[in-house]
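Before any questions on binding or motion, here is one chain by itself as structure tokens, the form predicted alone.
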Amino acid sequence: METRLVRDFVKTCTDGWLQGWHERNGGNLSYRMKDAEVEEVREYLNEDAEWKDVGTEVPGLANEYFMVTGSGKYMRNVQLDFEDSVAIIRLNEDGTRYKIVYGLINGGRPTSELPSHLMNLEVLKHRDPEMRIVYHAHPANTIALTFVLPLDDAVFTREIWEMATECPVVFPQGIGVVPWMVPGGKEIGIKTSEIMKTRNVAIWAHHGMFVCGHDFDETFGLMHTVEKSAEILVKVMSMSDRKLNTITPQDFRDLQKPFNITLDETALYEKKSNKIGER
């Protein structure tokens, strides 16, 4: 099956693996397909497949089709064996069941994070119908920071923003942080979807990152930007527990007009000291 969607989906999985974000079968990717994209591959779809429970309810996504990575599948192998590693699924008329209409030819099921992915895609569709992608990976520097920074949205946002000027431009809404929770279930999906109502980045403490976007380049680029900034912060913290120089709240505010952005003011608090992670 050769389409632009397949090419872009494969590229994102491969690029994430090359970054080292997908050890073993870690991470997953989901895309809410456009009607024209479904018709483009209609001849490959098996609509006689059996229905299975989603594990949550997403009525806002009823009857839609999704391209998703498989549970237990390796991102490395998406490029090598697409039909074994990826599925196209269709939801039923009330968004409680799905069937695999393409892929996973050697057996299996969609990503174990499917409830989280679908709940977030439903929220994103309501927020902006053209936001179609959710992507979860395990970038090491971001995960490392969840062990040493307060699990506080404003603090995490501010520390990441300060590491690179492009950060507030790329994600002006800031970052939401989810405390450690059992992955794959409805509860973590609810917590993450609350963040996705207003933000594009959620960090799962001691686990990984969850981002969304309109297209694959935007989505991958968002995660890449956050992780690059996290890497810089890890290096700074290896040298000192405080910063001698940094970007000030007013410096950040000065970015808003030329870049036509509105920053999350909760992250622009006045710090009591220059100690990293301290408000």
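Numbers for residues come from their place in the sequence shown, where the first is 1. This is a predicted model, so every value here is computed, not measured.
Quick note: we don't show the form predicted in complex with a small molecule, though the next part is all about it.
Comment: the small molecule is not present in this chain, but in the predicted complex one of P249, G60, G26, G221 has a heavy atom within 4.5 Å of it, namely G26. Screening K191, K125, R76, H207 for any heavy atom within 4.5 Å of the small molecule in the predicted complex leaves a single hit, H207. When contacts are judged by a 4.5 Å heavy atom cut-off, S71 counts as touching the small molecule in the predicted complex.
Taking the partner from elsewhere, R158 is found to have every heavy atom lying beyond 4.5 Å of the small molecule in the predicted complex. Using a 4.5 angstroms limit between non-hydrogen atoms, E113 touches the small molecule in the predicted complex. Contact between H136 and the small molecule in the predicted complex is found at the 4.5 Å heavy atom cutoff. Listed stretches are 221-229, 26-34, 238-246, 51-59; the contact stretch with the small molecule in the predicted complex is 26-34, by a heavy atom cutoff of 4.5 Å.
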